[in-house]
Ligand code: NAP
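The chain below stands alone, shown as structure tokens; this is the form predicted on its own.
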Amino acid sequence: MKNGISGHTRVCGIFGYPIGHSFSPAMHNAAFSALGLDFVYVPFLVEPGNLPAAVEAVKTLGLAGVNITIPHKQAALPLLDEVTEAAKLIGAVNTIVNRSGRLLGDNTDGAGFLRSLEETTGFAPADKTVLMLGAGGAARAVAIQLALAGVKKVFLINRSRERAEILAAQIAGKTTAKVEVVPWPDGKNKQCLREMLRGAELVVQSTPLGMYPEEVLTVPLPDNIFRPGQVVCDLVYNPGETLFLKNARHAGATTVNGLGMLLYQGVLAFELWTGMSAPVAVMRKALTDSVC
């Protein structure tokens, strides 16, 4: 916004519970200001029981659109008029667009991850082998997007095997990727894990292990598992380098943290709401300043 809120200001926002930790308002408001758009982005604290009313309010109040974050990504999906194929496959939405009173749900998390990966490393998923640590919401978005992009095989490792099996079935049923569920690391399977990890071209850590303020934690993997030529991602972005990424970097792997995914999922949402190309450099700076 150039001159503050006006009678024509379009409102975007984010629904979550809690919501005070979100960096999205700083990122999007910086982008609106840079392009001189009469838009504003605000956080909305939405308790789970109030989600249906909040989604309906997007129509009632004429909001341009909203982001959806924890714990609402799955619960919001059936409340919408239409959802993209990607969001259907992932089973969750993170972006809602108000199209003249009809609400379209999308999920830009996986696409944002791929764009970040391409921009920072040049990694092309087609015919590659991927090892995913975790099977939660972020892992679902990333794994399914990678499978849609043509990866050859996905190894899934999660503390809850049942949750990993559900995700594996969804990937195998909707894409051509082969999927194998692997037990969580323990003393019995560490040698097997070492071989899988070293053979994977891409390793993605999607659990909260190592996130601030518990930076000393990491996935209990065997030693000497990373290698040069491998791309290793940790979806945690605070701290900027987790112990997991530090170990990978010391082994010569190319490392990527979760800040790029956060940036590009926002970039894609911005473009859906405004129909304009996002000022990526401005958004990156606002995000980096907020995190640091």
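Predicted model only: the values in this text are computed from it and were never measured. From 1 onward, residues are counted along the sequence shown.
In what follows, reference is made to the form predicted together with this ligand, a form of this protein that is not presented.
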{"property": "Contact stretch among 258-266, 26-34, 221-229, 42-50 - heavy atom within 4.5 Å of this ligand in the predicted bound form", "result": "258-266"}
{"property": "Triplet R163, W184 and P208 all within 4.5 Å of this ligand in the predicted bound form via a heavy atom", "result": "yes"}
{"property": "Listed residue (A139, V130, I171, A76) with a non-hydrogen atom within 4.5 angstroms of this ligand in the predicted bound form", "result": "A139"}
{"property": "I68, A248, V55, L235 - the one with a heavy atom within 4.5 Å of this ligand in the predicted bound form", "result": "L235"}
{"property": "Proximity of G105 to this ligand in the predicted bound form, heavy atoms at 4.5 Å", "result": "no"}
{"property": "Contact test in the predicted bound form: R159 vs this ligand, heavy atoms, 4.5 Å", "result": "yes"}
{"property": "This ligand contact at A135 in the predicted bound form, heavy atom, 4.5 Å", "result": "yes"}
{"property": "Residues in 80-105 with any heavy atom within 4.5 Å of this ligand in the predicted bound form", "result": "none"}
